[in-house]
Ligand SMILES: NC(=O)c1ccc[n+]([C@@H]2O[C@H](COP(=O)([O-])OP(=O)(O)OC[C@H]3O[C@@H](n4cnc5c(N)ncnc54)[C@H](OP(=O)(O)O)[C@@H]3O)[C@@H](O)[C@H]2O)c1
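Before any questions on binding or motion, here is one chain by itself as C-alpha cells, the form predicted alone.
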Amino acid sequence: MIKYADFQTMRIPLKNGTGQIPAVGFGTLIADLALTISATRDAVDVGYRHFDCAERYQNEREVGEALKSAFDAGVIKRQDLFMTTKLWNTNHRPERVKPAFEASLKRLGLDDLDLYLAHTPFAFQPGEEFDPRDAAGNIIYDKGVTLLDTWQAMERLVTEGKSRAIGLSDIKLEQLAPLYEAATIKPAVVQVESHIYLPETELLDFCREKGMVLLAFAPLGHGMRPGPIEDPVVLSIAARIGKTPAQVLLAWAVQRGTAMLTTPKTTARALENFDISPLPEDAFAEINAIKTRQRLNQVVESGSPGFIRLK
C-alpha cells in the first residue's frame, strides 16, 4: 500500500523507460472540441501534469492548443508535463506506425512524447476510416499483422529518441504476457479499465513483478449509475472522513500502487478530483473487501470503443 502524503505531486519512475509518470493524470476523452480546450486549460491550472491523449479521440489538436496557451503564458514548460498519446488500430502495420506517431506529434504541437501506447491489441483494416466495417456492420480486422510486428515498430520510436517509453492499452494479461516476453524494449505502462469493481489484481501483480506501471482509466466507473461512486461502502467512508465518493475512489486507486486518469470537465470537478490524500488503513481495507465485480467497457473483447460514443 502506498503511503505518500501528497498524491497530487507523486510520480512513479518508469523502470522500462525514461521518466516518471504522475500518479494523478488527466484523460482527454472529450467529444466536444471547445470543451476539450477549456477542460485541458483548467486541468493545467489546477495542477495536472499528465495528459493522456489518443489519435482516436480526434481532439489532439485542441489539447495541443490548450497546452500551447499555457506554455506561451509561462504557466508551465514542456518538461513539466508527461505527455501520452496512442496508436489507433488502423495503423498497426509497421510502415504506418511512425507516420501515425508523427501526425499525433504535429497535432499536439510537440517534438517528442513521454509515452506512446498501442490503443488496443487489435489491428483493423488499414485506411482512413477509424472503424472499418463490412456490409453487415462488423469490424474488419487486419489478419496480416501481429501485435509483435506493431510493437517492434514502436520500439524503433524509442531507439530513435522520439518517445521515452512505450506501452499498451485495453489489453488482457493473456495477451500482455507473451508480448512482454518477446519484446526487446519492455512495456513501461499498461493502461486498462480498473476501479473497485474491476481491481485487475492479477494484472497489477504481473505489472509489479515485471516493472510495469498499471495506469487505471475509469477509476470512477465511467460515471455509470449505479456504479462504484454510489457503492454503500464508498458512501460510508466518504461521510466518515469528510471526502467526496469520487475522492475516495481516486485515492484508493493511487494508494494501491496504480497511476490513474480522470476526465473532469469543469474547474470545480478538476479541483475535486485532484484534492486526494491517503485513506485511513481501515477504509482502504474495507474497499478491498468489496465483492462486486463488473467490467463496464468491453473494448478488451473486440477492440471497438464499447459504449463510449466518439465522433
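For every residue, the number given is its place in the sequence shown, counted from 1. Here the structure is a predicted model, which is why all the values come from computation and not from measurement.
Below, we refer to the form predicted in complex with the ligand, which is not included among the displayed structures.
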Is Lys265 close to the ligand in the model of the complex, meaning a heavy atom pair under 4.5 Å apart or at it? yes
Does the ligand get within 4.5 angstroms of any non-hydrogen atom of Arg269 in the model of the complex? yes
According to a 4.5 angstroms non-hydrogen atom cut-off, is Val299 in contact with the ligand in the model of the complex? yes
Leu115: heavy atom within 4.5 Å of the ligand in the model of the complex? no
Pick from 105-113, 167-175, 206-214, 92-100: which stretch has a heavy atom within 4.5 Å of the ligand in the model of the complex? 167-175
Taking Phe7, Lys15 and Pro187 as a possible spot, do all three reach the ligand in the model of the complex with a heavy atom inside 4.5 Å? no
Partner-contacting position among Leu220, Ala123, Val234, Leu157 - heavy atom within 4.5 Å of the ligand in the model of the complex: Leu220
Out of 22-59, which residues reach within 4.5 Å of the ligand in the model of the complex, heavy atoms considered? Gly27, Thr28, Leu29, Asp52, Tyr57
